[in-house]
Structures are given as C-alpha cells and as structure tokens.
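First, one chain by itself in structure tokens, the form predicted alone.
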C-alpha cells in the first residue's frame, strides 16, 4: 500500500457517505490505529443464507463434519434458472448504483460477491478498495478479471475498467468459464507473468470472437462454455461479443450496467418451466408463431403476454411472474412482483393472473367489457385478454 493514511481516509469518507444500496456489506466503523500504523474496520457479518461466488463456480463448499473433523463437500447450486438470472440482474444493478454514486470498485473479481442461491439476492463485499472515480490507492485487480489496459500497465482502475471486470464476472456466472481462456491459452503449459500479459493484455482474444477462431474453447477442458454458449439467446451472446471484442480496446464500447440489467430482465422473462420438467429459455423451445411456443420434449404449447413497453413477450405457465418494472413505465423495480399466473383452487385446470401489485387493473373480460381487478384478486386467461395497468398495457 503506497499511502496507508490516504487509504484510511478514503475508507473513513466511504463510511460517512454510506453504502450505495443494501446490496453492499459496507465498512461501518474504523478502529484506532496501532503504534505501527496498522488499523482495521468493522462491517456486518455475512448472513448464513449467502454463499461465496467462488463456491458457486466450484459447485460446492467445504464444511467440517462435527463428528469426524474432516472437511466434506456440500453442493452449492442455484435452486433454479430464475434465481441465477436474478443474481445477474442484482450484480449489474449493484454496480449501476455504485457508479451513479461517483465511485468505482477497482478490484472486481470472484471474491467480491456472496449470493443467495435460492433467490438470486447479492451482497458485494471487500468494499475497502472502493474509491471516487479517478482516484486509486494502489489496487490493481485480480488476474483474469482486470481490464487489458490495466494488465498492460497503461491505465489505472476506474468505472470503465469496472465495466470490463463486470462482463467477466457475468460471463463466468453464466458460462462457467473464462472468456479469454481457449486454445491459445492452454497451449501455454504454465501461465507465467509474461503469458498473462499476452493472453489477458496485449494479445487478449475472446474465445468466441466472430472474426478470429484461433482461441476457441477446447473440448474436454472448456466443456461448460461450449455447452452453455449454444443455450443462451443471441442477444445475450451479442452483448458478450461486443464487450470482449470492441470493448477490449475501446472502453467506451463496453456494455453499461443498465444495459446488462435490461438484458437480464428480458432473459428472466423468457424462461419457460414446462410441466414435463424442461426449464429453459424461449430460444430452446420451438416457436409455433409470433405468440406461441412449443416444448420440444412433450409438445405442450405456451401462449405469451406482450407488454406495450417491451419488445419481447412473456411465456405463460403456472408460477410465472411479472414485475413492477413490467407494468410501470421507466420503473427500476425488478424485485417487486406485480402479477403471477396461478391455477384456480376451486377449478383445477382453470388458469388466471393474480394481481400482486398495489394497483387496480382494468381488464378486458370474455364479454369484451372492461372490469376492475383489485390487488389480491385475479382475472381468467383467455385468447382476447387485455390488461390496462395505467402506464402500460398487456395483451395475449
């Protein structure tokens, strides 16, 4: 640390400013300095319901068996696809809030997150290196996550380098691999400092660069990346391609946090959970027409609901949800559930949409008349369904 007092003053300033949101485990108090100049700080303890990003990538964590004293593996996996995509939304949103506060993280890596694998809730930790954008106190970053310009030594961490590191984190969460580790990298038996400078700095090459196939993932080594690259829809893959091609050399071409947030909100909307057990994105289902999908496994068809403020449609299946950001123009609330497709308790097989919001909806019923649907109430699903939420309308 080149200037401990300056570093300490920055933490003190962050404590005074407060956390950008509740997604951060933020420094709360500084300790007194010791005679040798060392000091510490206090923060909240991580809740037990959150697992480290490292453990999620490894798919397990080590716990000590109280009977034998031995370390045993305990699986760490997301409960479902929706929880994982929600985690991506939360990560992007956390850094959107941080950057809007005029600060940069500067050391974004797999050790900086804890995630609730049941809900997708996220806590950002290791916040002692966060500083005002443009300021740096000696933090460089972790190899594999640092932007190429930092690896090359021609730039210091800031919000633009955060955007690159954010793309790496999101890629690793979705594809379970390194965006730059392909055939070219594995040819180097030992990743020396010179090799890291080449593969992650001066000659960094995305594994799915559309114009250069020399660093493609290798079967038997990068099987996760190969498998998942086929699954995700084109708009997600295009965002990573842009981030890791144009964004490698031009920081201004990197995907901004709000754009990531919008992309993953769409991805979450396009999940289909079929009764046969197949759960995947609409890109992996057969498109019957502009408003209907078909399960390739069992043949079940899914109608969709289109919102006037979205370019895409939401598949309808029991348990699917839409959110406040879907029914209110310019809303940033991607957590609050506004509506849910449910089965009528008294009439099995009859489906309807429950109003989980605090708004009164105007809904077109089968008699072609509009009726009010109060919070907590519902309306039936039928081919001509139309819902007026106020700012936004939705139609089947």
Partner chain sequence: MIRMTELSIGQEVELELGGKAKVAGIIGSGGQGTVYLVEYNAMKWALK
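This one's a predicted model, so the numbers in the text were calculated from it and none came from an experiment. Residue numbers count along the first chain shown, from 1.
One more form of this protein, predicted together with the partner chain, exists but is not displayed; see below.
Which residue, 126, 238, 212, 133, is the contact with the partner chain in the predicted complex, using a 4.5 Å heavy atom cutoff?
By the 4.5 Å criterion, the partner-contacting residue is 126.
Name the residue from 30, 350, 335, 365 that puts a heavy atom within 4.5 Å of the partner chain in the predicted complex.
Looking at the other structure, the residue within range turns out to be 30.
Report whether the minimum heavy atom distance between residue 38 and the partner chain in the predicted complex is within 4.5 Å.
Contact with the partner chain, yes.
Wondering, does residue 43 line up within 4.5 Å of the partner chain in the predicted complex on heavy atoms?
Yes.
So in the predicted complex, is the partner chain close enough to residue 13 to count as touching (4.5 Å, heavy atoms)?
Although the partner chain is absent here, residue 13 would stay clear of it in the predicted complex, with no heavy atoms inside 4.5 Å.
Check whether residue 34 has any heavy atom within 4.5 Å of a heavy atom of the partner chain in the predicted complex, and answer yes or no.
Yes, residue 34 is a contact residue.
When the partner chain is placed as it is in the predicted complex, which of 353-361, 324-332, 22-30, 337-345 ends up with heavy atoms within 4.5 Å of it?
Answer to the contact question: 22-30.
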